[in-house]
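Below sits a lone chain in structure tokens, taken as the form predicted alone.
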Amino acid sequence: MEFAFASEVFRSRIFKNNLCTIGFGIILFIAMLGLLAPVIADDPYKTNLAERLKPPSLEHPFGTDQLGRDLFSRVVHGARTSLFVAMTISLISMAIGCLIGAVSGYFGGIIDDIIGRIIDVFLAIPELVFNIALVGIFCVAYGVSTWNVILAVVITNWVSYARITRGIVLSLKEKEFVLCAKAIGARDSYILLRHVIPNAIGPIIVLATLNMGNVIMTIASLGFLGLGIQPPTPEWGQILNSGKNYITTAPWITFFPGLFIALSVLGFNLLGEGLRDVLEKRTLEY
């Protein structure tokens, strides 16, 4: 599929798919809450012990936490943190994974064998366990930082992009347009960047969209374990962790960040499934 043709598909048909529309609507809603957080919410760091553990009300729509902080403010500001970190991880992982996968599939031989074995090693280790170990190492080596979380997740997350890109490139490199480019003396780097990767971009975008939900869950899991983004910065997993001791007396502390995590994952999954349906249908028609 030509890159321009793929762009036309996304412009003209994406919002005719119900899954895409619903998923995009959920993501847009959460993203807008995050972007408008400084306007629609109070200071997420402001404490008021006289207001601690208050249930949801008109003054505090999501209630307050154990320090009297407005939970609505912390959840919507947490959307900014969680979505920014997840987007950063996904973009870096996609760039690294696509480049490695394209090189592996295009050149083959010993390069493909070496990269394949590296991917097998990464796949043999449970991702969350690997992330926990990496964050611990980075914290000891470089101190506590949000970039520790980003780097740790990127190191494990690029593998899925490399695998799918490699498979696509293996089929594309035998196509006529690649053979013609080689025949006229085009450089391998030019063929990869100009012809091969653009024609593989559709499935990669679908994977990136579906993978965003997984990244958000990973960030929240690390935050819940106390290894992610550190207090007092609001982040959904960390808010869940802070409310686990009050789950029977103040369940709203865990309910609302958990709800936003679930909605975010659902939104990205619906959007990814919708994009996949659109691309598959258009490919069959083409």
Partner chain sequence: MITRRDFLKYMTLGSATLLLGCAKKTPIATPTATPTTPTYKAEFVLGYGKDHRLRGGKWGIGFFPKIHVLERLVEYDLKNDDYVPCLAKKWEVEQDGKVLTFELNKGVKFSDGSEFDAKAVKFTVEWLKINHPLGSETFESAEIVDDYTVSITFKDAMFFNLAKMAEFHMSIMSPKSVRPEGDPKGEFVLPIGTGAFKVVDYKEEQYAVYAPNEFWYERFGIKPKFKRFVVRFIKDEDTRVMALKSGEVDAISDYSHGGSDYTPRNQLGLLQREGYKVFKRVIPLTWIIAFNYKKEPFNDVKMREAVDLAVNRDEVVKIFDNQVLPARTLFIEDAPGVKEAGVTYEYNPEKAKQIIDELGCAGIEVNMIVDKAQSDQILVCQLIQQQLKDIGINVNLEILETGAYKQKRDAGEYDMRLYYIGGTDRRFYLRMFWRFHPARKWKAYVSERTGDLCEKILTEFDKEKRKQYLIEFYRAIHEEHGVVPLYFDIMTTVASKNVDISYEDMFHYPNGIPFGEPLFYAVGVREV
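Just so we're clear, the structure is a prediction, and the values are computed from it rather than from any experiment. Residue numbers count along the first chain shown, from 1.
Quick note: we don't show the form predicted in complex with the partner chain, though the next part is all about it.
Residue-level contacts in the predicted bound form: of A124, L193, V129, V140, one residue has a heavy atom within 4.5 Å of the partner chain, and it is V140. Interface residue among V144, L91, A183, I114, judged by heavy atoms within 4.5 Å of the partner chain in the predicted bound form: V144. Of the candidate stretches 27-35, 56-64, 254-262, 231-239, only 231-239 contains residues with a heavy atom within 4.5 Å of the partner chain in the predicted bound form.
Interface residue remark: A41 is not counted as part of the site for the partner chain in the predicted bound form, having no heavy atom within 4.5 Å.
Put simply, S221 is far from the partner chain in the predicted bound form: not one heavy atom of it is within 4.5 Å. Along 26-47, these residues reach a heavy atom to within 4.5 Å of the partner chain in the predicted bound form: D43, Y45, K46, T47.
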